[in-house]
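The form predicted alone is given below as one chain in structure tokens.
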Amino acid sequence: MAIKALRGMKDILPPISEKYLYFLKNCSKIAQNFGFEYIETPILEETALFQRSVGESSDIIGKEMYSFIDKGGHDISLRPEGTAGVVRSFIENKFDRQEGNFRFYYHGPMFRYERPQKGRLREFHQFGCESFNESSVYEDANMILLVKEILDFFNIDFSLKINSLGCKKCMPTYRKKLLEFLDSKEDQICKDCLRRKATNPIRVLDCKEESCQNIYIDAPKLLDNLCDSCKNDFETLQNLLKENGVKFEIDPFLVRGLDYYTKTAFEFVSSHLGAQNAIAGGGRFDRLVEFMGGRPTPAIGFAIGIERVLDLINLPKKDRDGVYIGVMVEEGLPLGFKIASKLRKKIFVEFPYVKKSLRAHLKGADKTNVKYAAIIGEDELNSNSIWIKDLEKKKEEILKIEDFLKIFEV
């Protein structure tokens, strides 16, 4: 029996792989324009890292982690998200003890054991950014504008939802009110919400069960219980987005599924996707660095689900570029190979290792979208020359090999 890829894990093949690289290249450039630098963290980490950062109450920890004991007896896991590893690296390398702002971007595979469906795989890929040591709400707006810039670049339509999750000063008051409300509805909410009520009550607001959603319409609202500082920051954020032409809606039920978020939460959704319509999300996590053993450090970040946006991206039409080298006689292969090797120092070269007719070579050159077709026949081989055709201008000529190479400064 042939071995197949594991369920929920897919190969990234052409032409999708071309679109994938196009996405990463331009996301990286935009992030760099906003002052972010590249970081790469291991795919495998200690399971305790995610238990502490993601939170025991999260479905990720409870149901979806790829965890196992390695040969050294260590409890390790494939990373289910990117933030925890970046924070671990931030603390381990003592950036939390240094002054100044630290802005990182990353991309790579994440792993969650859940039912595979369109837009949700067991191995999926994210592009994300994390900003440390900047408490100003201007950085919150900056991160949202960064995501908008990326989605605008790829002409992806979106809607933006924002909310404030409060801080350690105002959250206890809200939590008490929410628990009182949930106690009164305990016999009506689903089993998952009963579990969340005991571990992380705010997450009940994120329940997808329609019966629960109808109940939570009457639940206390976070925005009605913010302290003055959180209220002022949220109003400032709205004004900054308006002044910069960013449309948004306030969603009082928008909460993050991870325990470490505070204050600003945001989510970008697309109407062109199905049930899994969130394409990017993030928020502020001012408590996470300290919670993981570092010094108190304000932080904010986001992640974009790459698989979810690839279907919404169209590659730009490529101009003809490069050279197709073909031989019409077997004896021309060594010369063709030598020319191809020289040209590849500067440009793309397609060189089939078989002799073909002129018509077949021109068809191959057109298929590879090159600018020049360069053909070696018997006459060209005897005269140390090459027949070329500019496929854009439809011009043909015969040149000496050295003159042909000079065109490309080789």
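This is a predicted model, so every value here is computed, not measured. Residues carry their position along the shown sequence, with the first being 1.
Below, we turn to the form predicted together with a small molecule, even though it does not appear here.
- [ ] Name the single residue among I144, I325, L222, I279 that comes within 4.5 Å of the small molecule in the model of the complex, judging by heavy atoms.
- [x] Selected residue: I279.
Open item on the list: Just to confirm, with a 4.5 Å cut-off on non-hydrogen atoms, which of F302, F234, F90, Y105 contacts the small molecule in the model of the complex?
Closed with: Selected residue: F302.
Open item on the list: Please pick out the stretch from 226-234, 294-302, 148-156, 196-204 that is in contact with the small molecule in the model of the complex, where contact means heavy atoms within 4.5 Å.
Closed with: Among the listed stretches, the partner-contacting one is 294-302.
TODO: Decide whether L121 counts as a contact residue for the small molecule in the model of the complex under a heavy atom distance cut-off of 4.5 Å.
DONE: Flag for L121 set to yes.
- [ ] Tell me, yes or no, whether N163 is in contact with the small molecule in the model of the complex, where a contact means a heavy atom of each within 4.5 Å.
- [x] Answer no; every heavy atom of N163 is more than 4.5 Å from the small molecule in the model of the complex.
TODO: Consider G283 of the chain shown here, and say whether it contacts the small molecule in the model of the complex, taking contact as heavy atoms within 4.5 Å.
DONE: Looking in the model of the complex, residue contacts with the small molecule include G283, since a heavy atom lies within 4.5 Å.
TODO: Although the small molecule is absent from this view, report whether D140 comes within 4.5 Å of it in the model of the complex, heavy atoms only.
DONE: Contact with the small molecule, no.
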